[in-house]
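This document opens with one chain alone, in structure tokens, the form predicted on its own.
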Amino acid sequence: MSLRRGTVAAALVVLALYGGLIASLAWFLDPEALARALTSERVLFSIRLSLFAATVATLLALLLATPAAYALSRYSFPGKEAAETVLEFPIIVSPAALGAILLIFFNNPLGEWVQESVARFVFTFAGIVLAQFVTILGVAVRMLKAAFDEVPAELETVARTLGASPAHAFRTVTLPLAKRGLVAAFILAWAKAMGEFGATLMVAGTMAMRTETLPIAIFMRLASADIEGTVALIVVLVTIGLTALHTARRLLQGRVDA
């Protein structure tokens, strides 16, 4: 078997695996259950909550990830290797364990002070945002660092020789050139936040019409043996997620072709 045939076959196996899992939903997909889900006040609340929380968490993540990624891309500083290693923390630790760590933190003296003096996170909307933020931050930094790595540092140097300050060069040269990567990072981080379950469950709980995000609503439907309702909600989540991922892929492809 030639290299081309072997690698293409492997790619098609990956497609068949995930595509087959998605297609298998059709066996239990009930159009009436899907219509009921899309008109249910509780489900619509879960969808709105997920969309809003994911957007807030992603914006906050990019607000911190952008300067952090730029520092990792451009500068050498004490602790840089440790910072790059810690970015993998949400990958090597399961979301449920990450949520448990957050709960343990809020039972420490410092965490109790944060809850009493800053904001309450456990079993609240803020807890949903925090769980999603912690889960996606590392991904956002990694993607943004890759975007900044593709911008030649020499262009910033030229801008500074023409009188621009480092901050001005960053805003007017680096950010515009990394725009596609920034948008793609936002979309991918947002999609991951939309599907976040384990950490959100641990920190915010499963309170209907309060902290029940779409992934938690899927879990609750499955726990009550409502297979048709579960499949309907999965279809909604998969549709939102795949649409976001397709958009990000097109943006990244455009960045490569440019």
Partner chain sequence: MLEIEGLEVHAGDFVLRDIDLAVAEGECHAVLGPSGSGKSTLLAAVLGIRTPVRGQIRLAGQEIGRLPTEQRGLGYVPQGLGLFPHLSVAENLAYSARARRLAPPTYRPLLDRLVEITGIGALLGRRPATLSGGERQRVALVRALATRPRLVLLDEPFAALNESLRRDLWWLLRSLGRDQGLTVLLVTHDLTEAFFLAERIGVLVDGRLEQCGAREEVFRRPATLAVARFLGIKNLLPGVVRDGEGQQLRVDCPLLGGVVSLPAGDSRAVPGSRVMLGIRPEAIALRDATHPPHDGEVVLTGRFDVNDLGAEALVHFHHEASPLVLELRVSGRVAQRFGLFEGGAGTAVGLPVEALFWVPETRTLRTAGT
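Not measured: the values here are computed from a predicted model. Numbering follows the first chain given and starts at 1.
What comes next is about the form predicted in complex with the partner chain, which does not appear here.
Contact with the partner chain in the predicted complex, judged by any heavy atom within 4.5 Å, is made by just one of A159, I187, V139, V122: A159.
L177 is the sole member of A126, L177, V134, L87 with a non-hydrogen atom lying within 4.5 angstroms of the partner chain in the predicted complex.
Residue heavy atoms within 4.5 Å of the partner chain in the predicted complex occur in exactly one stretch of 159 to 167, 126 to 134, 77 to 85, 95 to 103, and that stretch is 159 to 167. When the partner chain is considered in the predicted complex, L155 lines it closely, a heavy atom lying within 4.5 Å.
Contact check for V173: a non-hydrogen atom falls within 4.5 Å of the partner chain in the predicted complex.
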